[in-house]
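There is one chain below, alone, in structure tokens, taken in the form predicted alone.
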């Protein structure tokens, strides 16, 4: 009996979260693992927007910046608990995504990519220039989430790295579960029809602008929550989280692993998070080697690493 894609993806993630720490040579790898999960959560939103709906965003790091700075500013200025600040950042990101996407997504072509790029640059400029509020490029401290203390009182004493590893890991599983539920729903089928052909989608009665907007808003919330988790675990954040290069990294991670596949995009996030650690042996040639790997993947595995290997495996199986 074959597992469904949803079950296989969630079981794979669960196995990785639980088993990987057994092979960690030091506590540093808990930090790397948590970063993989945060990036994986962000690119899961890119799967919904780009892989299924066929829309490109080049400014999604702006939403990550909103989520991150919500966790830094809301507890200090509004007295909110950091957990509520995560929710506030997600709501603000959803509203801004709706405002930005509503006029743009009624147009054809790559208007969303250009508009989102401008939005991301605007958010980055505000975070850099509003020093009185955000401390500018110097960055700002972020309040502690406080859950470690509650777990310790309950008899589960985890180190800081262990806590964030498991917290971000299960947050990623929750995000993947939600995305896969969308995939199997009528909305998910409509999104894939939209990706195949907007004209055909309109013909069968799909409200194309509304569907594009939904995908954009959902993916913005994913990016915002990922930014919040990054800020909370680091307890410090800078405007780099909203920078253009962070947006490019998010798109690259999704495309590398397989932008139409949740597990593929998460794999891409893992690879691009780990590669800089591995390639330090190449010193000044690190970026060159990383670029070469990306070019080779795009030439020989055009669908992304995971979908390409799955297709080959199924072909051999047949």
Partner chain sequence: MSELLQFLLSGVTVGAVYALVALGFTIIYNASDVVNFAQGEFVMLGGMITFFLHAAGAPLPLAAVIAILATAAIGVAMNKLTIEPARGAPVVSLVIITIGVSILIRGAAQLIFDKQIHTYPAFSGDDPIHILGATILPQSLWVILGAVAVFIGLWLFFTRTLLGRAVLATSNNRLAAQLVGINTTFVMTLSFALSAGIGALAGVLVTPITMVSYDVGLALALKGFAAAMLGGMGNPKGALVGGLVLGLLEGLTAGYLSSQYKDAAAFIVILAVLFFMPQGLFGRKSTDRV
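In this text the structure is predicted, and so the values were computed from the model without any measurement. Residue numbers count along the first chain shown, from 1.
Missing here is the form predicted in complex with its partner chain; even so, the following discussion is about that form.
Contact with its partner chain in the predicted bound form, judged by any heavy atom within 4.5 Å, is made by just one of 141, 144, 130, 138: 130. In summary, among the residues 80, 173, 117, 91, the only one with a non-hydrogen atom within 4.5 Å of its partner chain in the predicted bound form is 117.
Its partner chain in the predicted bound form comes within 4.5 Å of no heavy atom belonging to residue 275. Interface membership of residue 87, defined by any non-hydrogen atom within 4.5 Å of its partner chain in the predicted bound form, is ruled out. None of the heavy atoms of residue 10 is located within 4.5 Å of its partner chain in the predicted bound form. Although the partner is absent here, residue 236 lies well away from its partner chain in the predicted bound form, with no heavy atom inside 4.5 Å. Contact with its partner chain, judged by heavy atoms within 4.5 Å in the predicted bound form, is confined among 48-56, 29-37, 262-270, 66-74 to 48-56. Across the proposed site, 14, 24 and 158 without exception lack any heavy atom within 4.5 Å of its partner chain in the predicted bound form.
Looking at 200-218, no residue comes within 4.5 Å of its partner chain in the predicted bound form, counting any heavy atom.
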